[in-house]
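Before any questions on binding or motion, here is one chain by itself as structure tokens, the form predicted alone.
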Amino acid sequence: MLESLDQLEAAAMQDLGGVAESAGLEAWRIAYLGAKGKLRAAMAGLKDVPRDQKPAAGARLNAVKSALETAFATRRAAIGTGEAAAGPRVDLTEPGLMESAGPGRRHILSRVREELVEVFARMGFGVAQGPELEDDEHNFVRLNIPAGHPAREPSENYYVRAAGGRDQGTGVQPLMLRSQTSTVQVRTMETRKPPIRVIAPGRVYRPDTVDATHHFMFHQIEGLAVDRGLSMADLSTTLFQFARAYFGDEARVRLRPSYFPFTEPSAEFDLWIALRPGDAPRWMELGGCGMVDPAVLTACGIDPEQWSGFAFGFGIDRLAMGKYRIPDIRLLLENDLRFLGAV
């Protein structure tokens, strides 16, 4: 038994000395130290050793096991060090090399948002904010969007809590990522007394197919004015003045009749612009607008016989595309430093 253990140790050490990579080292471990390896087989033979020789054989077996495990650990460390040394050594605590990096600046969407807030501030509009996780009451009900309306379909919204609880009499409202910043105008009218004049910039979410002009997460700016005697003339004047202040005195805009559940009458607001230098200009839809529906005013606790209001909503992403000649909305969210450094 003692002689066979000496031979086992010698053979194992010789084989281990020839191992030069991690795969071979693992094969050696399985062959000698594994559950079905040669050392385990030698341990099984201990039962056949005469009783008076078992203490010596057991001690030698433990010594061989310890020697092989120590040799294996030493060889594994050596092979690991050798593999690391074969490639370039990098000190991850060192600061990165920024030879070609220029000075940082705010993202184009953040800059456009600030520009819009500044333009409307000159017209007397303050800034209002609301939650991005909204309930059914503010996203639909108080905006005069009835049950069964196509805008409520799961295919048109990101629901966090399933729709239908209210209809089933549970009293639990659906929750969703807001599909429009119009929710902020509702919350504003609930908590403030007229006159009101605010804008609400923020992110909105719709499960749209991503292409050059659509994204599932984009940015809107909502405008709301509530006062005595407001009319479509006040709305159109506000929009025309905004377009000229933001895009220049030569900006061409138009209003097209449209329909929204929360405004009556309603219109689409378009801008005549070329998105690429050298391209022919075309009409680009910026958003919707209209006079606040009396049902919405009533739902928010405002008497439509005493007060009237107008509202508008634009895509901030599309405004950025129009002003800075950006041909693809995906560029705004891809974090390509070549693009971000050029706008």
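In this text, all values refer to a predicted model and were calculated from it rather than measured experimentally. Position 1 is the first residue in the sequence shown; the rest follow in order.
One more form of this protein should be noted, the form predicted in complex with a small molecule, which is absent from this view; the next part is about it.
Although the partner is absent from this view, residue 32 stays clear of the small molecule in the model of the complex, with no non-hydrogen atom inside 4.5 angstroms.
Residue contact check for residue 136: none of its heavy atoms lie within 4.5 Å of the small molecule in the model of the complex. By the criterion of a heavy atom within 4.5 Å, residue 269 is excluded from the residues contacting the small molecule in the model of the complex.
In the model of the complex, the small molecule sits within 4.5 Å of a heavy atom belonging to residue 206. Across the options 127-135, 176-184, 70-78, 247-255, residues that bring heavy atoms within 4.5 Å of the small molecule in the model of the complex belong to 176-184.
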